[in-house]
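What follows is a single chain, given as structure tokens, in the form predicted alone.
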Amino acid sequence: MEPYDLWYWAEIPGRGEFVRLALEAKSIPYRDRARAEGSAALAKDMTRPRAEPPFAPPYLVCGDLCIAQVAAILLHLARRHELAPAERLDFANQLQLTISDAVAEAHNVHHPVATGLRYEEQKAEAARAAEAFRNERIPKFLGYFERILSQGGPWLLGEAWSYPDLSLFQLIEGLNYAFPRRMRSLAGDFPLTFALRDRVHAMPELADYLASDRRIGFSEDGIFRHYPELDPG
């Protein structure tokens, strides 16, 4: 098949990583365009006239098809490449949208006032947001996935992995980076969810990618950022 073109910022894993994990795990041919050509190429491509243009990256292009938003991209891939059982695609999408909510809230912790302001310009507000996120929101999200896994498992949709498992893995990885103390304190409360993270990490389908330099690490330029003062333990 013709490779997909994945467009996302070259310097950070960000939201593009959720799409990348699915493409890699299923060995779907794709070109990581901005990684190859730079983020300036992404900015230029965003201005290209399209009948259905993306609002922001990540977006996936194949011929005349252009799909943006992580959940929409993954649902499209799931339909074409069996990334989830056909009869459970609606629930898979629901799980993915819940993960997207958690990702957005994690980002808003360090930018609670405005994304256009630097973290240093909203530190007081970020401290208040981080306290609520650590104490209330992280346990609520993890508790939801723990409940799903307790109903069957070992994967979110049953006996085989599907794309929401990969995304939950990435969410937990991001939270482990941003809030390592809080996540360590919660591991015993959500054993099935943390075990799923380990199970995805051990998937042979992802072994080469996770060990490669194509897997960019987290940093204080991305969605998940570690500021020690926001994770006091």
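What you are looking at is a predicted structure, and each value in this text was computed from that prediction instead of being measured. Position 1 is the first residue in the sequence shown; the rest follow in order.
A second form of this protein, the form predicted in complex with another copy of the chain, is not displayed here; the remarks below concern that form.
Interface residue among L42, I67, M203, M183, judged by heavy atoms within 4.5 Å of another copy of the chain in the predicted bound form: I67. Within 4.5 Å of another copy of the chain in the predicted bound form, a heavy atom is found for all three of A51, H76 and K140. Contact with another copy of the chain, judged by heavy atoms within 4.5 Å in the predicted bound form, is confined among 30-38, 53-61, 203-211, 187-195 to 53-61. Mapping the unseen interface onto this chain, A160 falls outside it, with no heavy atom inside 4.5 Å of another copy of the chain in the predicted bound form. Proximity of N108 to another copy of the chain in the predicted bound form: non-hydrogen atoms within 4.5 Å are present. Using a 4.5 Å cutoff between non-hydrogen atoms, E82 does not count as a contact of another copy of the chain in the predicted bound form. In the predicted bound form, none of the heavy atoms of N135 sits within 4.5 Å of a heavy atom of another copy of the chain.
Contacts between stretch 127-155 and another copy of the chain, counted in the predicted bound form as any heavy atom lying within 4.5 Å, involve R128, A129, A132, R137, K140, F141, Y144, R147, I148, Q151, listed in sequence order.
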